[in-house]
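Form predicted on its own, single chain, as structure tokens, below.
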């Protein structure tokens, strides 16, 4: 049959085209959605959101946080080094809707939970630039003024089919929207035990390359102000983090704390700064001039 013959049978051509499109749609869209969130994708350690966390998630959506922050780490070396282990499909089985996002006006939040202590998040939400000086994130201090509605949260949990107890709902009394937001942020990425496996390991003996060197101390002072002052105070007097007195840690101990981080205490690793800059911070903390 010549190609011109098809043109004389528009109904048959339309039917064949429709069938082709439907088959393609089934294989590229319908079946993948059916396969995702099955028992094969489930991760045993991933749990549903608690009522307070779910309330925070709803607030996160209400305030449009997903317009600036993604929640998915792609399996690329640069992304894994910056944000942590790449995202797995099973991590999102309780996300309705998912908040993967596509824009990173702000950093990705898929691995945020446990990176900082609660106090850091409360302060950051109230005054973002107090914790990250170059941040362009708006302030959300008003969340402290609004109380959570336990009945509304209960209805949301029922609709989603998430487990909860009457005590869980009762504990929402007196909780603010800020409490809920922080609880949600601290949940992100904690469904899989990736952080322990991703800990930075230091190999070899640590030797301060420029002990008490004035230029290193001056450089360390600037780096401290940019990366450490928000938690430990501008004068190292301690705030969210502890006071940093001189002679408390040896040079190598302090280097390891900064470079590796303290996962259980909510202090992130600063290995991304590189060893030279970390040593400069060490020199500032341990050898700065004190009044």
Ligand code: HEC
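The model shown is predicted, which means the values in this text are computed figures rather than measured ones. Residue numbers count along the first chain shown, from 1.
This next part talks about the form predicted together with heme C (HEC), which is not shown.
Segments offered: 128-136, 201-209, 164-172, 150-158. Contacting heme C (HEC) in the predicted bound form at heavy atom distances within 4.5 Å is 128-136. With the partner omitted here, the residue from 260, 68, 46, 222 that has a non-hydrogen atom within 4.5 angstroms of heme C (HEC) in the predicted bound form is 68.
Although the partner is absent from the chain shown here, 227, 254 and 270 each have a heavy atom within 4.5 Å of heme C (HEC) in the predicted bound form. Taking the partner from elsewhere, residue 92 is found to have every heavy atom lying beyond 4.5 Å of heme C (HEC) in the predicted bound form. In the predicted bound form, heme C (HEC) sits within 4.5 Å of a heavy atom of residue 109.
Contact check for residue 57: no non-hydrogen atom falls within 4.5 Å of heme C (HEC) in the predicted bound form. Interface residue remark: residue 187 is not counted as part of the site for heme C (HEC) in the predicted bound form, having no heavy atom within 4.5 Å.
Annotation for 139-169: the only interface residue with heme C (HEC) in the predicted bound form is 140 [heavy atom within 4.5 Å].
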